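Before any questions on binding or motion, here is one chain by itself as structure tokens, the form predicted alone.
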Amino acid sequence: MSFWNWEWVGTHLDLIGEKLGEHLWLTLLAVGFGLVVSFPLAILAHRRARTYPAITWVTGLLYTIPSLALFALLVPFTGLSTLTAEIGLVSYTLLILIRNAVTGLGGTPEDVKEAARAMGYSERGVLWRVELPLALPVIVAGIRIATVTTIGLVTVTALIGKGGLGALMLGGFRRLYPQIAILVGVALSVALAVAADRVLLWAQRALTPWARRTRSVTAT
């Protein structure tokens, strides 16, 4: 059977769309839960610097575990499930998200925070009204990196039956689908990563218009 079997693509658009949707959903879940877990840890590390080395050591250790080894460790406890896939995917987002959030929050000039306190802001108010808005470009940059990385990692979860577009690639390698499925899976994964990065960049610019004005003033 020819590799360039475009007829198969045309007759299996429902399957391809299903796998694309699954890939996107697994990515959104992973990055979403990664933000839920990483944000309070980043706040803690920012407020109490002594906790930062321990937090980054643990999340760094999780980041270095090979994905296949991590899934193999989880399967006896959580089975071949979405939970298994998400535990692994979320663990790989934490180090990136926490580092960027702490870097962004730590980049707020001290005189700006002192001015906010002088205006009557509490420490919580300084965090939410001053530090967090100024840190958004760096935080969103971390989300962009984590999202693109996760899109690539989702393909590996095909080995436990939860791979989205990775299932097309794996099926092509195993001859369950024509080999063109491999190309379709790779191309759509790359396109999804590029599209997600562009959307998040647009969101970053929309949420931080002052950052664009600052760059314009600096350039002039």
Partner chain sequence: MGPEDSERHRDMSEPGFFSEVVEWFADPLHWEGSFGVPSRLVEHLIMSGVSVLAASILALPVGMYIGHSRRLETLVVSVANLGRAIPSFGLIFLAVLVMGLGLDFPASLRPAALFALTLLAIPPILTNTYVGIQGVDPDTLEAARGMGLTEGQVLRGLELPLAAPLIMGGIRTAAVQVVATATLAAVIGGGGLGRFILDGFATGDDAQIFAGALLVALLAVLTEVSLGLLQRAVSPRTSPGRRREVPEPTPVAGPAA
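Positions refer to the first chain, counted from 1. Being a predicted model, the structure only gives us computed values, none of them experimental.
Heads up, the form predicted together with the partner chain isn't pictured, but that's what we're talking about next.
Asks: Exactly one of Leu44, Leu28, Ala54, Ala69 has a non-hydrogen atom within 4.5 Å of the partner chain in the predicted complex; which residue is it?
Replies: It is Ala69 that has a heavy atom within 4.5 Å of the partner.
Asks: In the predicted complex, is there a heavy atom of the partner chain that lies within 4.5 Å of any heavy atom of Gly106, even though the partner is absent here?
Replies: Gly106: no, not in contact with the partner chain in the predicted complex.
Asks: I'd like to check something about Phe39: if you look in the predicted complex, is any of its heavy atoms closer than or equal to 4.5 Å to a heavy atom of the partner chain?
Replies: Outside the cut-off, so no.
Asks: At 4.5 Å between heavy atoms, is Thr155 in contact with the partner chain in the predicted complex?
Replies: Thr155: contacts the partner chain in the predicted complex.
Asks: According to a 4.5 angstroms non-hydrogen atom cut-off, is Gly161 in contact with the partner chain in the predicted complex?
Replies: Contact check for Gly161: yes, within 4.5 Å of the partner chain in the predicted complex.
Asks: Select from 55 to 81 the residues with a non-hydrogen atom within 4.5 Å of the partner chain in the predicted complex and write them out in sequence order.
Replies: Contacts from 55 to 81: Leu61, Tyr63, Thr64, Ile65, Pro66, Ser67, Leu68, Ala69, Ala72, Leu73, Val75, Pro76, Phe77, Thr78, Gly79, Leu80, Ser81.
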